[in-house]
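First, one chain by itself: the form predicted alone, in structure tokens.
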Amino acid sequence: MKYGTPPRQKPTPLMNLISALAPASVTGADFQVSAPGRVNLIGEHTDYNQGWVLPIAIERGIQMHVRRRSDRLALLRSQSQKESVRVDLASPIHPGLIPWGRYAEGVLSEYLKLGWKIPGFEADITADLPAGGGLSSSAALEIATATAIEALCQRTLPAVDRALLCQRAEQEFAGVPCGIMDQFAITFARTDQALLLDCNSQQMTHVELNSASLAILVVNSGVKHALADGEYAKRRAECAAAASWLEVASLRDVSSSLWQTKGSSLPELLQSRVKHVVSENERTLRFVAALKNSDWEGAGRLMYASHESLAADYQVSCPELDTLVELARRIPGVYGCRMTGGGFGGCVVALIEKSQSEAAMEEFEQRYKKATSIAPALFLTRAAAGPEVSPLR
């Protein structure tokens, strides 16, 4: 049994991407854009509370083959699906009927609002990211679209501005009140480094993650999540309500003394939400210290504690994710495991001993299938670099 990252030249289609359209007005093959997905090692649901997060880009992502057109149409498509997105770049853009298309439409709209004149193009989009897996396929599509626009226009935005533009696109066109983590994680990714991001100041510190003895494993539960279905927005609203109750700008500002003096005055549900955010920020900084000291077991314990908090206090896990984490505790070579992403399905991420990675993956696959009747998709990854533009081969 062989595991790992499949070759980039053989990706699978993203989401419900996109059918073939007639290649009218194509002026020639131009370039390819790639943008990675991301997995968050720790620091979940803290980004929109202005806290700390620690994501990495992964060795899977989105590929976009871009061809210029002689008109002002943008066509996004895939050879294997029947849906397609068609955007008139000479008119104001509004969210379309195809859910995945809204992420790209939002990015196009934001650049037009800046006064950019985007030439017509069409893009064949493929990916080896699972849709609804919590690996940020939406942000990867946004960043890939932004990178393609800048290549077409032969000009660039500052990297922070580009990431924030993509965040706005997701909020306004897809209706997801996301924080900045995903777009920053992809934009500023470096090979073999995690990104410690302070979501309040936007200060970034790259953390080495290149031990010969450590591997990162991602296991897809097979349960798709959907952040736009209301639960994600509900958690964000609950956190805003708690911050208002405690008279702070965000839950990032809740100190230990404030929590001790005023925490008990909160309704029980809001107490739980604040408890998770405050403790998760502490765990994230302790996790970074553990990585710097090569304390893999200590880092693993923090991952398990993070999952317990997300399941009990933040209530964003699901039975399948909980099953994977409990299985991890009994598999040799696994230091720690937790759900990653917004929750309600998707993936778990685990730190494992590299020498035992093949055996650990077989154990995950066999035990999870026995427990749930679901065959999980799983792969090893290292921390990868950010978006790239290259000539088409």
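Treat the numbers as computed from the prediction; the structure is a model and nothing was measured. Numbers follow the displayed sequence, beginning with 1.
There is also a form predicted in complex with a small molecule; it is not shown, and the following applies to it.
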item: Touches the small molecule in the predicted complex: residue 59 (any heavy atom, 4.5 Å); value: no
item: is_contact(residue 31, the small molecule) in the predicted complex, heavy atom dist at most 4.5 Å; value: no
item: 4.5 angstroms heavy atom contact with the small molecule in the predicted complex for residue 243; value: no
item: Contact flag, residue 232 vs the small molecule in the predicted complex, heavy atom cut 4.5 Å; value: yes
item: The small molecule in the predicted complex: contacting segment from 362-370, 60-68, 334-342, 321-329, heavy atom within 4.5 Å; value: 334-342
item: Candidate from 178, 75, 254, 288 lying within 4.5 Å of the small molecule in the predicted complex - any heavy atom; value: 178
